[in-house]
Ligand code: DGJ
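In the block that follows, a single chain appears as structure tokens, in the form predicted alone.
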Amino acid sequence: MGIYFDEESRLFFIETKSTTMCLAVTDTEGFLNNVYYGAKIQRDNLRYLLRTGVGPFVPSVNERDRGSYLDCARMEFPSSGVGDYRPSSVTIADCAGHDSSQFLYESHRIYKGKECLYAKLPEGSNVRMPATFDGEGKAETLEITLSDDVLGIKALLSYSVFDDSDAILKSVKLVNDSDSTVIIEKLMSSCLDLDKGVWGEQTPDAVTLSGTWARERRIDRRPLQRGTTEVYSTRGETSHQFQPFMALCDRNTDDATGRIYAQTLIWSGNFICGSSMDQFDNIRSYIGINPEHFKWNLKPGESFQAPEAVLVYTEDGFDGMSHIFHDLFRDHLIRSPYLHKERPVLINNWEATYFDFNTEKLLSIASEAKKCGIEMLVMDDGWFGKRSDDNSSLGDWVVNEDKLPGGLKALSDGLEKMGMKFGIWFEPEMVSPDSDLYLAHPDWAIAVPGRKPCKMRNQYVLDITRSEVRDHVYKCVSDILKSAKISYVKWDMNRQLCDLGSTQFDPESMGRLSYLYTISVYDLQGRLLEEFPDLLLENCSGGGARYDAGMLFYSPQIWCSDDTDAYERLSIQAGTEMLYPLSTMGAHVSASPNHITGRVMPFDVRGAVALSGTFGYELDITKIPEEEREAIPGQVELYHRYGEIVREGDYFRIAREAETVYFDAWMSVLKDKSKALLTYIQCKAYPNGKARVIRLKGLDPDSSYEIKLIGTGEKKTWEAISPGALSGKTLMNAGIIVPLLPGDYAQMMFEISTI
């Protein structure tokens, strides 16, 4: 593992535990080519993979058809306008309006560790960008400097590896060493060219995560065709619609086996992620900032930093891919002190009361919740200004004492007396037209002069790229947190960006707005956690529209979706768990019928599904049926008993309801394989069928395991077919029998532990 450079062959070897990436510098002009990325190999001389001995030859040999080479070589940082007609990594316009560039090898350095990434705000302050970090000396980094001598621009390509991970981290920084301002119109964080020979005769499948509000991150899989397959966001957030993620896999790849090339972006704003297959069936896969609504004037002496990309290669199927992403994010991205701790079981009042609450009602909910073992009350929207619905008061972060006499301190003191923690909801980036803030500062909202602004949820977006706006927002949040004993903040964003105009930018700089908006969010949350280091921060954006690796740098958990219907959550959580650790996923038990779908589901099934994330409740505990209220202490006890397995263990998908129609199943296994938790959900009754065989995963083949039914479920039936102690090898190959359960929506959960 590590990074090596062979002077004689001019080859870079970037090695993880199980993979190798090899970059080559061509002999003459110094093109940087990616000649290999895949399973780990020896550091042999791979220059033959440059194909310089066969047509179309490098330009020094065949200047007559220079473009033929440029249009098919495996470029590591492909430029635009010089003969490579595939999607480029970079487009830069010079002062004469030309947008051609050609970056060639200049130098490199290899060093232990990993440097932080920084962006600069308009007033000149630096903001640390979210990126993986090296906390224990486990990283090694290669920085390759490419140069376009005509433009006078350098591109610093960084590649980092950790000795405990199979991921490769890539980022790009452009530096203007010229005497003229240039315009960056496009900059990808990563580009990966894959030769047709990688796939044999079949082209790969492309796997993405897509959806909409209340249906986030559904798994899409389709064959890659000639042309371009892309997912993207221009909404100022990563979005409900698409996730910054794409995996290319063999047609026969499943959860357990098969080759996968996957990429994601540690970023929370506009992005584009795609794969393009050319006339030779070669594939170029790329990810970075979406060039739409982006333009950056780079002045002499300035630099621009792109977000960090994560590349993963595995031959162990989607489970193997998920484990690499999960471990990387847990070990090298999430910084919260809550990362390895049990999170408090909370109850949120939103679906219980919406805007209709007061101190008395909240304390009555908290009192009943405390009896059931719930540990925190979170007060959602409606506690400030004159807000009795979603048409006013965003920006007026002053407590409404008609609802909350004595303010937040009186409420938090009441909660503390009963032994409950207190959390609160904010939407700091927004402003209502009907608010004191907007009346005083209408120019603080993002808008295009002379154009009718587009309202969403009857609100506008504050221009937090302006330091005075950002400082005002921060002070409002900070003052509220200092006014009472508040342990938790849910930071929401309920609309997207549009009407991209700011009073602080001149016409040439307006294309900075979307990028700097995201950096400003990072600045706000970074400052908040610096002042309140013990705060449990949960990000949210109308549900899961900002569920991305960038936000995990600040919050150890993110609200997965506003749709808490347990059946819908099966698909939402299956997609989310492909990329993100279960401990990051906000998952709550809500009332039935569900507030969004109207679906009626048993309380135990709702609990079993929610137990796969950061567990909590979204309901009025004072109004639910007595039998449901009596079941809550048992669910809370299960969360505490098995929280470590879910939080720290390896996740395995056993079956997806989207494929089986009738059932869904998954399990988490501790790293030492001593204990596992298996969850089985029967979605539909199956007439005249047999009991199902479920083959387990992730166990030690040579250890003996005991299987115990937990929670509710068909206890008598299970006792009749319980297999007793079995080896891990038997459980993974022969499996266990799970009975058909009576009716739609039923569950069984099993503890599997060594004996």
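Predicted, not measured: the structure shown is a model, and the values here were computed from it. Numbering starts at 1 and runs along the sequence shown.
Here the subject shifts to the form predicted together with the ligand, a form of this protein not shown in this document.
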property	result
Answer option from Tyr522, Trp350, Tyr639, Trp199, heavy atom within 4.5 Å of the ligand in the predicted complex	Trp350
Contacting member of Asp250, Asp492, Glu368, Asp71, with respect to the ligand in the predicted complex [4.5 Å, heavy atom]	Asp492
Partner-facing stretch of 555 to 563, 601 to 609, 131 to 139, 118 to 126, counted where any non-hydrogen atom is within 4.5 angstroms of the ligand in the predicted complex	555 to 563
Output flag, Asp254, His326 and Gly575 jointly within 4.5 Å of the ligand in the predicted complex, heavy atom basis	no
Contact test in the predicted complex: Gly649 vs the ligand, heavy atoms, 4.5 Å	no
Exercise: Gly543 in contact with the ligand in the predicted complex, heavy atom 4.5 Å	yes
Partner contact for Trp425 in the predicted complex: the ligand, 4.5 angstroms, heavy atom	yes
Exercise: Asp381 in contact with the ligand in the predicted complex, heavy atom 4.5 Å	yes
Heavy atom contacts to the ligand in the predicted complex at 4.5 Å, residues of 461 to 477 in sequence order	none
